[in-house]
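Here you get one chain, nothing else, as structure tokens; it is the form predicted alone.
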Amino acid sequence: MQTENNTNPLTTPRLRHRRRSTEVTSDAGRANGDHLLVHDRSKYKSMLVRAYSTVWMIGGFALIVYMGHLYITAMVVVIQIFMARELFNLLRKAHEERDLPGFRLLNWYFFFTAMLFVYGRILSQRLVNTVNSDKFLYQFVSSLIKYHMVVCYFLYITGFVWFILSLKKKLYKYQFGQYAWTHMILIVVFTQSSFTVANIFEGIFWFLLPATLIVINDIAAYICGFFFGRTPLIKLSPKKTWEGFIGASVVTIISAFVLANILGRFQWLTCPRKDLSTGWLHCDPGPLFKPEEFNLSGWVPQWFPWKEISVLPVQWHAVCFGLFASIIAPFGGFFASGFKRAFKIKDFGDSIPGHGGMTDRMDCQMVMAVFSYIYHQSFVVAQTLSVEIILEQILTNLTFDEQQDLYTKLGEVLHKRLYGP
């Protein structure tokens, strides 16, 4: 009996298929390419929601800026709390935390300890200047400032001991992971916020201009990308396009030059705040905010109506801010996009309709705040001793009796110089 042989002597080679990358969403190609978002009718609803939220945010922001330095600082604190809440919840696991009562409270304990340390260092001298008319309050505040670092250190050590005592078997990995995550959040949130608050008290101008440029860049990139975007910019953000990036850069740089001229003419925005009062400010704006006239007769045709333009020197600094806000700061958003992809989430939160969470709106602002402070300290502030700096050191580091002794000796020295021995 002949057996049936189904074996084919010519074996067919196996085809190996490359695994598709999961880093890009399936609709990434539809977001760009030949399909414009403006032709996608479903996008108009989300655009209207986003625009509605933007109007409310800009209106509220303008009101807070008008109210002054303390209210802006309070706004920064509220933003910090929202960002911390969103980031704390990102790696939270309800199953583990059911067995760890009070563990979430420990994270917030570290948060407010860090807040006391950061704001105590930034606002200490301004607090002294506010209460220097009352001898008792002045001595009390001076003592608090003198021992501020000690108090914060022991508060942190208390939290550290609390954490060690809360460790539970089989949950060590989760608890130590949360401990490291909490400290990373504190570094990210308070590093940028300390620079932000420092900018505010150097003059609202140095806070308002960079923050506004980020908003302008974000809105311009969204609009340019919505109506003209075709070419994908980066895989981390499939909906970002080169058209939106370039268009937003042009708009941001022009806006920086024009906006600096407008904001730089208000003393309320340019004067530094030396105390924690809320009254209107009056000061010498300095050479950066004093207009200079430029003759354009040799550069423009005869029919051009303006033969001279008035430019504030600070506008050239604003161009640098515009360049950074349009070219470098967006990478803060790209970093956040990659971070969200790593954790497979769309947004950090849902506190702002159409925008996601507070962290989603602050990603570029954090990068810009640090740059603004470093630029201001490096290229704007004079790198010399001033009366204000010396006075701050005296009020902070000397006791009241030592200050009186210094006052007496300084009076004797000045008397000898004026009238001789």
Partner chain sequence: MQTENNTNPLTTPRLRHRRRSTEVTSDAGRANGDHLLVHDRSKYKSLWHELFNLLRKAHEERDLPGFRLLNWYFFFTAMLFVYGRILSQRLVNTVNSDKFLYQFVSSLIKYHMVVCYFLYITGFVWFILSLKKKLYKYQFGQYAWTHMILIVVFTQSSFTVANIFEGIFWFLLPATLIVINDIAAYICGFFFGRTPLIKLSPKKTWEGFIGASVVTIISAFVLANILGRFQWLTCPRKDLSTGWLHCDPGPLFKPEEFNLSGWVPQWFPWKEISVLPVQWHAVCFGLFASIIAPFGGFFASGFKRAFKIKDFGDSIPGHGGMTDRMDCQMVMAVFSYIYHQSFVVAQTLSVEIILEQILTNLTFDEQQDLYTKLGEVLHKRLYGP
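Numbering follows the first chain given and starts at 1. Owing to the predicted nature of the structure, the values given are computational and were not obtained by experimental measurement.
Beyond what is shown, the protein has a form predicted together with the partner chain; the following relates to that form.
S.K.: Specify the contacting stretch among 341-349, 284-292, 209-217, 269-277, defined as having any heavy atom within 4.5 Å of the partner chain in the predicted complex.
M.R.: In short, 341-349.
S.K.: Answer with one of Y119, F228, F160, W108: the residue that has a non-hydrogen atom within 4.5 Å of the partner chain in the predicted complex.
M.R.: Checked against the cut-off, the match is F160.
S.K.: What is the one choice in F112, F140, Y153, F257 with a heavy atom within 4.5 Å of the partner chain in the predicted complex?
M.R.: Checked against the cut-off, the match is Y153.
S.K.: In the predicted complex, do Y172, Y179 and M184 all put a heavy atom within 4.5 Å of the partner chain?
M.R.: Yes, the whole trio is in contact, each within 4.5 Å by some heavy atom.
S.K.: Using a 4.5 angstroms cut-off on non-hydrogen atoms, would I394 count as touching the partner chain in the predicted complex?
M.R.: Yes - in the predicted complex, heavy atoms of I394 and the partner chain come within 4.5 Å of each other.
S.K.: Please run the contact check for Y71 against the partner chain in the predicted complex: heavy atoms, 4.5 angstroms, yes or no?
M.R.: Outside the cut-off, so no.
S.K.: Considering only heavy atoms, tell me if R92 and the partner chain come within 4.5 Å of each other in the predicted complex.
M.R.: Close contact is absent here: in the predicted complex, R92 is far from the partner chain, nothing within 4.5 Å, heavy atoms only.
S.K.: Please tell me whether any heavy atom belonging to G247 falls inside 4.5 Å of a heavy atom of the partner chain, as the geometry stands in the predicted complex.
M.R.: It does not: once the partner chain is placed as it appears in the predicted complex, G247 has no heavy atom within 4.5 Å of it.
S.K.: Suppose contact means any heavy atom within 4.5 Å; which members of 136-153 contact the partner chain in the predicted complex?
M.R.: Contacting residues: K146, Y147, M149, V150, Y153.
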